[in-house]
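Here's a solo chain for you in structure tokens, the form predicted alone.
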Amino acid sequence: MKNRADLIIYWGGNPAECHPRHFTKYTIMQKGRFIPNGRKGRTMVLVDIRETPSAKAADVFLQVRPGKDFEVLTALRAVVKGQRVDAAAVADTGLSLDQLTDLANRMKACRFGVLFFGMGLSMTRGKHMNSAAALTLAAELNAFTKFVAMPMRGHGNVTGADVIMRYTTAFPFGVNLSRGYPRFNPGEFSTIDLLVRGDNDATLVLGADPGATMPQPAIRHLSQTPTIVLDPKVTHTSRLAKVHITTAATGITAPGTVYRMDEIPLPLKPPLVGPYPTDEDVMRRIREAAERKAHIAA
């Protein structure tokens, strides 16, 4: 390698279209104290099943066959650790062993590396196992350099929900509290899996719109069971719900804190006053009403 440039990897995501400010304000273009040359001090790698507009910004583009992300990550982990890898098995993923070796060398030789992974990795064949493999790869690379992995979030403040869940239950998502203590099992307790299987008999949706993004079996289950939505506007899920409660828009008519994807908290001060209650007010009132009902029943 010519020098120890920083390495940025986007895996299963298309930030040029889905996160259009990510390149210019956060990752490859910004100049900083340790990277005064900006883009010249960084190498960008894009891993995806097709050549998206993000490929134009990449120094290296690796096209993986659909559904082969887990195999690529597993082989890449082996290459990083110097283990023997079957070239024919790697070729079945759409890549060559030389390409994986080059990527592994770049990852081990970089000064600081970040692996951003999107729904193209986390919501395709393998799902949470793909995410686990990516996180494990980043952890193992810290034997050679500083490396981190970070999901590319979609809706606003999803990272905030993960942060709150993590410091209250020690787990970021996929948590079941039905036994009075947290149990973590992605693939079993994740929202999309619960809805697709039809395990839950009621749903409370807070600041999200699963009816617009989830598979048809999940949407059908939402429409056939009691669904309550708290949102500043009418959404696709609102039209499926039995109850929609209009709440104040955080940062516009309600105060609050949002978290950037890198978990930096940003306090919001509303410039306007609105007629609707905040999400916190509504949730507190629901909890108090449930407690009164439970007390009366006892």
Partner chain sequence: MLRIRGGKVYDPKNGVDGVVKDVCISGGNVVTDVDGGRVIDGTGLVVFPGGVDVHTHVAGAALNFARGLIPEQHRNAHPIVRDHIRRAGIVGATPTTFATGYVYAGMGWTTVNEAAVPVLSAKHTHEELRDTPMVDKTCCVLMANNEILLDLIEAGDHERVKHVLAWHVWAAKAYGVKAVNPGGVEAWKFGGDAKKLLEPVPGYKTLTPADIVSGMARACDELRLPHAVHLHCNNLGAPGNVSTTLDTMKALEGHRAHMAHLQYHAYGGDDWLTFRSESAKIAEAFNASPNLTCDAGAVLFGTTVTITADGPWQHLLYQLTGKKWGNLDVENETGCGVVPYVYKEKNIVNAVQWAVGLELLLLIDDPWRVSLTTDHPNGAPFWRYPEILHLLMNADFRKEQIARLPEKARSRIILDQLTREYTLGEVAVISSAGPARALGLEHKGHLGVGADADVAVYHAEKDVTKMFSHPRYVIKGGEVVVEEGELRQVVEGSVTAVKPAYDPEVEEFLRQLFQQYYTMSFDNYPVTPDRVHGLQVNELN
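Residue numbers count along the first chain shown, from 1. None of these values were measured; they are calculated from a predicted model.
Here the subject shifts to the form predicted together with the partner chain, a form of this protein not shown in this document.
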For this session: Tell me, yes or no, whether V148 is in contact with the partner chain in the predicted complex, where a contact means a heavy atom of each within 4.5 Å.
Result: yes
Exercise. With a 4.5 Å heavy atom cut-off, would you call T101 a contact of the partner chain in the predicted complex?
Worked result: no
Exercise. Using heavy atoms and a 4.5 Å limit, would one call P182 a contact residue for the partner chain in the predicted complex?
Worked result: yes
Problem set entry | Contact of I49 with the partner chain in the predicted complex (heavy atom, 4.5 Å) | no
Exercise. For the stretch 131 to 149, which residues lie within 4.5 Å of the partner chain in the predicted complex by non-hydrogen atom distance?
Worked result: A139, E140, N142, A143, K146, V148
